[in-house]
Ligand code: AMP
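Next comes just one chain, in structure tokens: the form predicted on its own.
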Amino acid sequence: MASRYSEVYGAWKTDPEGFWSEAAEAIDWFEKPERVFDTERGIYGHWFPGGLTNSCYNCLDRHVESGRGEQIAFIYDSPVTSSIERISYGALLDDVKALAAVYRKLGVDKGDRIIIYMPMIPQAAVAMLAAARIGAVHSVVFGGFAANELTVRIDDCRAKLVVSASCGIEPGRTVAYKPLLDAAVTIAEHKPAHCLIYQRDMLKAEMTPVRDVDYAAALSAAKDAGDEVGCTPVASNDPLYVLYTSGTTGQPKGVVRDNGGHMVALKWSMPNFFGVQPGEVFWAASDIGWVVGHSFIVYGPLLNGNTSVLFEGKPVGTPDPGTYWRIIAEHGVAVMFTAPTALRAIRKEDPDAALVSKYDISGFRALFLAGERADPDTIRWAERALGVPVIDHWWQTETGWPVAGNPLGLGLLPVKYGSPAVPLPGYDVQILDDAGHPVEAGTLGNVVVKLPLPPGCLPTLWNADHRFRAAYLDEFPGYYKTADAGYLDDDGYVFIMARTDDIINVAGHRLSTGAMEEVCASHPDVAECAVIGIADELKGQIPAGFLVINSNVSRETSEIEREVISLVRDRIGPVAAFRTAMCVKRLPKTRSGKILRATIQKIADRQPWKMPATIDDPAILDEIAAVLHAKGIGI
């Protein structure tokens, strides 16, 4: 069908308040907002002031009240525990009501903070929704995070309660959460009053008397007693959650999400961007510890009345690289969202996508990618393998929902490989030079968004409004700084090339590591790659590429390295000074799949560095250092 994008984006540009006022009609309000946008804070104002609502009510109660209680809300698929569970909207609401009553019994009230430190199990989503039900503020911490990192978050938000599980399950190992939680509470300055512990069958945790409460027993007791809690009306601008994201200052960086604007933005995005209708199965293969899990495993799909897949596993090794295709086929997934790094892991193990043919995925409509830059070669591979549109899109923890992408629900626009396509309504994306001046189309610069940001984006950082303004607003007055570098082409397509920290200066030329990675990844033997800038006395910086090779390749790695160097020289030119490429077994990543380029660079430049809190496997950094040293780098 012809795309309605220009019409819809134009309607927002012409009348932003009218556009978002209409979108807000899709949300149930206890009291309608007094107006659409509050300008009392200036250009960075509040959305839907005066409105009273509740996120849990909109996710659950209204669907059950309208007669859809039997519809499946969550499909819990856990290959690591060999279990599948289907949970209806009605059953989910029953659990959430009971857990909300448990929260109240433990002294938690509106505005209090709850830390959720759990694996990818249904109880984690119940914990989030029960917090929203009583107006408490939840902060999900990725299960298995180190004790010190958990302590920082407990102290910063002054959590009254921690909800946790006895363990998480990784391929081949069980991770005990309770000892990490106990250590965190011991060293925290602020002591939570209680810890609510869900005991998993594969590992039981020792309970601390008085402080620790058994999750299942408390929930069962609340149900037996008929304890139920209704939805607490909260202001549109009251916080729903705080999500801590990586920062460079060493101080906690808690992104705040409000209730009203968040719901309006997510509800609009599900049918219009992702192209899914109520009742369809949507799967975001992420974790609730990250923003994708908040927005598109829990809140977005439930607001839209979808069935959401809750997946406890990995794209490979649980048990094989065909796990994603099995889930799509078995559960009737219409649209899926994952990270490019997951596809690259699958491609490395199954380069010819042979496992796709084992499954009937004829009902699958589209695959969305975000979280890391999606190189064109990976997108083309997935298009060939799956036979559906593969849609790159771009956003951040701070924005909470996509900034730019090809809107499936409005009709797809022509694909430009390497671009997440066009800005979505609410986002006026521009490119500025370092002095804050607009640059011409095709010129690399700072990607910014003209204020005000749309509903759903962060209003501030938790207890740090001054740091919020310094980090995002002060450098380019009137704009939100994304800290990404890229350009707009003549058609208004956005190209995100790197974080601004990843733009390297080679003999006075500002070059994008993302452009070099794109070339490296085009080599048929390369599964994934990373390019960093290494300090050089003569040129300032010179690029170095790290290459992970497909599993079925038996050629000499030195030959592949020479071919990749030649490719970059041919396609980008001698100006790139790309003369160093090295094959590695794997790349260091965060648990959400982002490559830790800055840490690799510090190792190469012999600069002080500390172990990133979000790293998936610390041993990989030792492997990287050994490869660098073998090349005479970083010694």
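When you see a residue number, it is the position in the sequence shown, counting from 1. These numbers come from a predicted model, not from an experiment.
As for the form predicted in complex with the named molecule, it is not shown, yet the points below apply to it.
Participant: Using heavy atoms only and a 4.5 Å cut-off, determine which of Asp377, Asp155, Asp428, Glu372 is in contact with the named molecule in the predicted bound form.
Facilitator: Answer to the contact question: Glu372.
Participant: Looking at Thr557, Thr443, Asn505, Asn148, which has any heavy atom no more than 4.5 Å from the named molecule in the predicted bound form?
Facilitator: After the contact test, the surviving option is Asn505.
Participant: Have a look at 393-401, 202-210, 182-190, 299-307 and name the one stretch with heavy atoms inside 4.5 Å of the named molecule in the predicted bound form.
Facilitator: Selected stretch: 393-401.
Participant: If you check in the predicted bound form, is Val291 within 4.5 Å of the named molecule, heavy atoms only?
Facilitator: Flag for Val291 set to yes.
Participant: Classify Arg499 as contacting or not contacting the named molecule in the predicted bound form by the rule of any non-hydrogen atom within 4.5 angstroms, answering yes or no.
Facilitator: Heavy-atom contact with the named molecule at 4.5 Å: present for Arg499.
Participant: Although the partner isn't part of this model, could you tell me whether Asp258 comes within 4.5 Å of the named molecule in the predicted bound form, counting any heavy atom of the residue?
Facilitator: No, Asp258 stays farther than 4.5 Å from the named molecule in the predicted bound form.
Participant: Test of understanding: in the predicted bound form, would Asp484 fall inside 4.5 Å of the named molecule by heavy atoms?
Facilitator: Asp484: contacts the named molecule in the predicted bound form.
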